[in-house]
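What follows is a single chain, given as structure tokens, in the form predicted on its own.
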């Protein structure tokens, strides 16, 4: 991938494109590329929904290859939710198509004048733009169906739903999966609102005549690819747990560990956990003729997704992931998988981050709008978001805004972004990550659950404070590097436990690009990305005060452990001392 495509949406006479070599960004992909471009080119004090913000899409370093799990796409911008730098990534097919078209990044600059909606069509034959006002107000499912009618099936699509058009803080960008369903989302931080602010409804990515790039050493690359895939299959998490039960395999695990946030983080265990667990979900999917094992992208050996059918045996949504099942389930006191799956479908269709939306509903329950456990009430509230009612726009703006409007003190956010499905009192390492990551509360930024709970890469007592800062620091560095490759973050499990699988990852990069990278080079890449992100946030006005958890985590003890979050502020301030 050698080219950066710039699209000036403010150009006189309509959008204009320019092509430039990757230049100083050579050796970067995915998050590394989006974050460095945003840090270099976006004014940290700009209005996130204004023309000065930029939206940067970048496939990973290995996305132009047939290496397994390599098709994750990153998007970067200044976040309208957090006010800081944002990188969000998703699976599906768009990263592969962009990479095969030889684009290292697509940069959207400015915004189109007026109120017309546009679609951007990118293929081997060039780039074109068309107005698409007929798509206005449509959800992602209907939008993609219309685009398939117009452009055919040999494409990947990126779209926004109603939430993105309304520029709501929880708005996501949908990426299509292998079946051309808009089920994989660039979800966190309101990136869909930025796309909507630029009047872009959709991307059509034409796979016809797009070709995988050639490795510098194809023989070594093929051997490394086979060894890497074998390593993923050999590990208990990526080879057994995730393929059998999907990410929701974690529900019973975290509930038994007493770190499963329940009823807006009031307790660490949910009585209805077994009813919504990965085991129960997989059995239900199979019983109804869906799939408990499925890949969101071509060539993935982990196959951690699935297909959920309704009670009539008809497709409803992809397998709801662990975070979604928790956010709309245990977090809201709901133990009905059909209700949770419908909420997942609605989130995907309206274009909403499932974590932000589920946590927001929990805050609304805390405020007394509906009761904990009211599944039909939760469905009604999410419908309000899609309809764009005044209440819906409040809820669609995220948990932080909802808490302020309704006077709720217990609002689980960091940098205004909702906490995911692990209570930081029950897993102190993830609490360090939530507090200090550049991205706002984000479990994927430094997944301490691996070592605190699953004992991958060693073991650090989840209830103690010793070693948590070092654990989070090292994981945040490693994650920033992995997010730059385009590889699924789940590869972290085998590369932490299996040195030969980590070596296979290095061999993939080295044989494809003709390099001699070592583990130290991977660490240096992660540090470079984090430094760029931290620099942007500092210039945006962030400081130590923003690297903190909400106060109630230090004051209220979590049942069943009766512990608070005990990592000190002084220790939190040392995370980035590298």
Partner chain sequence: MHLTVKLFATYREGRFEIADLEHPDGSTVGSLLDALAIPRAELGFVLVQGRHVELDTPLAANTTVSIFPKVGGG
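Numbering follows the first chain given and starts at 1. Small disclaimer: the values here were computed from a predicted structure and weren't measured.
Omitted here: the form predicted together with the partner chain. The next part is about that form.
At a distance of at most 4.5 angstroms from the partner chain in the model of the complex, none of the three residues 81, 191 and 534 contributes a non-hydrogen atom. Only one of 466-474, 487-495, 310-318, 94-102 places residue heavy atoms within 4.5 angstroms of the partner chain in the model of the complex, namely 487-495.
The contact residue chosen from 453, 339, 144, 120 relative to the partner chain in the model of the complex is 453, the criterion being a non-hydrogen atom within 4.5 angstroms. Between the partner chain and the residues 206, 167, 111, 443, the one pair within 4.5 Å by heavy atoms in the model of the complex involves 443. By the criterion of a heavy atom within 4.5 Å, residue 447 is counted among the residues contacting the partner chain in the model of the complex. Taking the partner from the other structure, the partner chain in the model of the complex has a heavy atom within 4.5 Å of a heavy atom of residue 257. Using a 4.5 angstroms threshold between heavy atoms, residue 177 stays clear of the partner chain in the model of the complex. Of the heavy atoms in residue 504, none are within 4.5 Å of the partner chain in the model of the complex. In the model of the complex, not one residue of 63-93 has a heavy atom within 4.5 Å of the partner chain.
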